[in-house]
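In the block that follows, a single chain appears as structure tokens, in the form predicted alone.
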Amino acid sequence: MSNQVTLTINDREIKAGKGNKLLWVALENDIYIPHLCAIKEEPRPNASCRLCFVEIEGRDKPVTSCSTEVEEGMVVKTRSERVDRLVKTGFELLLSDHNLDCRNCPANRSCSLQVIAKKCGLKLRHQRFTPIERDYELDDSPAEFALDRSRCVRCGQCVWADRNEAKAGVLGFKNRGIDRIVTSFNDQPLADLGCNSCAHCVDACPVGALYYKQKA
């Protein structure tokens, strides 16, 4: 039995290994799908950013491509009226709770939000949702980097890197829903919890919430 399937994405016939997630198959074939929270090595994606929607022929509604396995004969569209509407809404909700000060952000010109906006034809400034005002305290206790939660999009990339690459377990999530934040045990400064500034979490951050001090 073959370990490959043949599917169609945006009218392109593509071969992929069985069990692979649709998002990564598309990206590996230079077909862009917006995403923030997806981690290729994670067997159970949480699909929390709600940006990687696609339409699959025969299915009643769009699905998240990060959590959908490819199937033989699958026909996929990465853009449609319904997909674009869902992506636009999810993107604008993220921006409503994001410190959108690109000029002074260390991730300016390399930020995933800017990439998504450009590739999907979305605006970084909008008036649809009222911005959420929060008072976050900057954690610059580590020697080489800092954590600015006002820029965090709760994608979980830093938490995964901290646990699986750094093997530190310093970072985690607190609260649920709109109040969810990345933090440390009892909200203590990172340096007080044994952070050794390996910076795996910084390299994983797609938006500049974690950043190198010398690059700021």
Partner chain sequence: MGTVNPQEQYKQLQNKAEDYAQARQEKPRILIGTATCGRAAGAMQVKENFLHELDKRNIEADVIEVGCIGHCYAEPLAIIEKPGFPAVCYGYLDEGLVNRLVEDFLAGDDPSYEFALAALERNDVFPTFEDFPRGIHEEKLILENCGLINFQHIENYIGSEGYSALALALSREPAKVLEEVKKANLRGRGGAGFPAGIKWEACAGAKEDEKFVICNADEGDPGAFMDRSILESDPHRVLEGMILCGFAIGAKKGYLYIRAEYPLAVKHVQEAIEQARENNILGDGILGTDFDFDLEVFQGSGAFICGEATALVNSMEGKMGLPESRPPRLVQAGLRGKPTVLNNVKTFAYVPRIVKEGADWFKSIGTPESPGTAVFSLVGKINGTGLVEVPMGTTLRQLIEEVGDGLPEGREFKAVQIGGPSGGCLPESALDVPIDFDSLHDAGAIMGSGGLVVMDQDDCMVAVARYFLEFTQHESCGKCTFCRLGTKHLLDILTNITKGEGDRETLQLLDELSEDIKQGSLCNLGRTAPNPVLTTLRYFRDEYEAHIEEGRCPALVCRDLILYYIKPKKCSKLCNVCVGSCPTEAIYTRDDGLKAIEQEKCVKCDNCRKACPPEYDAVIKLSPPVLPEEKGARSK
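Note that the structure is predicted; figures quoted are calculated from it, not measured. Numbering follows the first chain given and starts at 1.
Although not depicted, the form predicted in complex with the partner chain is the subject of the following passage.
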> Hey, in the predicted complex, is Asp97 touching the partner chain, heavy atoms inside 4.5 Å?
Replying inline: yes
>> I'd like to know whether Asn186 contacts the partner chain in the predicted complex, with contact meaning heavy atoms within 4.5 angstroms.
In response: no
>> Even though the partner isn't displayed, in the predicted complex is Met74 close enough to the partner chain, meaning a heavy atom within 4.5 Å?
In response: no
> Using heavy atoms and a 4.5 Å limit, would one call Arg154 a contact residue for the partner chain in the predicted complex?
Replying inline: yes
>> I have Lys61, Gly177 and Arg180 flagged as a candidate spot, so tell me whether each of them has a non-hydrogen atom within 4.5 Å of the partner chain in the predicted complex.
In response: yes
>> If contact means a heavy atom within 4.5 Å, which one of 112 to 120, 99 to 107, 127 to 135, 140 to 148 is the stretch that engages the partner chain in the predicted complex?
In response: 127 to 135
> Who in 43 to 58 is close to the partner chain in the predicted complex, meaning a heavy atom within 4.5 Å?
Replying inline: Arg44, Pro45, Asn46, Ala47, Ser48, Cys49, Arg50, Phe53
